[in-house]
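Before any questions on how it binds or moves, here is one chain, the form predicted alone, in structure tokens.
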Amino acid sequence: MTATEPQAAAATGAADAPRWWDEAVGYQVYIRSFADSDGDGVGDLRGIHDRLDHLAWLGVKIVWITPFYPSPMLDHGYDVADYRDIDPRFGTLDDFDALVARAHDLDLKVVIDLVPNHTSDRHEWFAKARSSRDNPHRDYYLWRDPAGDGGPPNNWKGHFGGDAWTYDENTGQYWCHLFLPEQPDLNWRNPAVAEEFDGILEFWFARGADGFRIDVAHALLKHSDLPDLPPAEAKLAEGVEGPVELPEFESLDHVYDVDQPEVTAVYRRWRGLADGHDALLLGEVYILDADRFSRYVDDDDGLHLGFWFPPLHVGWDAGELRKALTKGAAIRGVSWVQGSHDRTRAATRFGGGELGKARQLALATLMMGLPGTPFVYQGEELGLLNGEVPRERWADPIAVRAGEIGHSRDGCRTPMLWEPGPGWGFTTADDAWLPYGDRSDADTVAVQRDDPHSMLRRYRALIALRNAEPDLRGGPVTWLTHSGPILAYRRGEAIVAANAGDGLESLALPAGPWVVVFATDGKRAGEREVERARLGGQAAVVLKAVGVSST
């Protein structure tokens, strides 16, 4: 069987029957910054184990954990040196087993990060591949002879800057890497690579993993001829009449290095494994075009879910938000996010301070009722802003290796805040791997749990409502507004509405009456609305038809 041939999928019932992830809320754990159990300033598996009660109390059902494999950590674990073990900094396989057992006791599913586009250059496969052109592992990676002038084989650039090729003096060829040079890309046209990953998936399924989040799921295959990329259409900066210079990667039209037609066959193959374990395949499909994105999740034999990233790329603008949400809601298999370890925190992007937090919660309210599976990035439930990280403490390879002035993702990766005091309950070490940022006791889980009006308590109430209300988890969506500052839709006997404007607005309601069952300000529960629903600026509500009870 070749890398692009589908493997027969195990039948698990009708295609439209709900699966456990269809009605769940997910939570991303950035392992380095979640909880440190051994006092070295870096989060670990035992730390996650010890804090799972928080996630169960919050009401989420899926826990996605970022990579914990042995790694040189040049890209914080996304440079994998061994796919079947645990880096000692994060614990042991026994720690993983204990975490999974505890999660399952709490009715939580564990989804682990899989990095199949590239390995670390320290992986034994690459060491063998680099040893000789004749080594059986040579074709595990993408190698090419130099161009006529001795330079790289084509004009491809890496996400982190520079050429996407590094020359190997020992064998006289270049290897391809869309990220760091120390992250050589795998050759997914080689059937042996596909067979290796079959074994890797089964290894973790046997240890109780409930699924995989697949890193850069759209990029595994490259065009077989590796041709030059054409230039991207120049973008116009605001107020500028001519083209502006783009960063290296964005200056090219990526028609040959990502999103190749054959890549979905890899996921058809994996469905044959995952469906046999009732396990989830969740793709990081970083494609912002709805039609191109859809092909990864629309078929019944591809990915179950894919992260829909347009909400991470729009400001607080009703028109842009409406476009991102309506397009995503029309795609089967969407997973909603407004933050991750790769993007500025939502509350910061949306204006910072209390204004940014209010906007973040309003958008979360809209996402919780739309078709698909919403995810919360750790700390969003606290309304955390980006942490302040001075340049001398930057650890992000984009900033450290590529030298992009002022561009560092470290601010969204600062440690979780559990309780007041030294180390904020994250660690007993004198210092953490990243600074905590400009924080206060009010930013901690402990303080917010005791405050009925806190962001944490609002998130818990919102998730509880989704878990209890079938109309927020199933059925068609009818959009009630198509312009203006209010974004609103109806699902069954529920209406979800948010005001992206600054002033008081009102929404015309279908025949009612309706009752407020959730409000972002925490003060309106139980209010009845008949003809129009009132919404303050940056506020959101969930309404339910009077006389219809949740089950």
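Keep in mind it's a predicted model, so treat the numbers as computed, not measured. The numbering used is simple: start at 1 and walk along the sequence shown.
In what follows, reference is made to the form predicted together with a small molecule, a form of this protein that is not presented.
- Proximity to the small molecule in the predicted complex, taken as heavy atoms within 4.5 Å, picks out 179-187 from the listed stretches 471-479, 86-94, 197-205, 179-187.
- Taking a 4.5 Å heavy atom cutoff to the small molecule in the predicted complex, the contact residue among 156, 267, 78, 308 is 78.
- Only one of 163, 259, 215, 275 lies close to the small molecule in the predicted complex, with a heavy atom inside 4.5 Å, and it is 215.
- Contact annotation for residue 431: none of its heavy atoms lies within 4.5 Å of the small molecule in the predicted complex.
- In the predicted complex, the small molecule sits beyond 4.5 Å of every heavy atom of residue 82.
- Within this chain, residue 248 is remote from the site of the small molecule in the predicted complex, having no heavy atom within 4.5 Å.
- The small molecule in the predicted complex is approached by residue 413, whose closest heavy atom lies within 4.5 angstroms of it.
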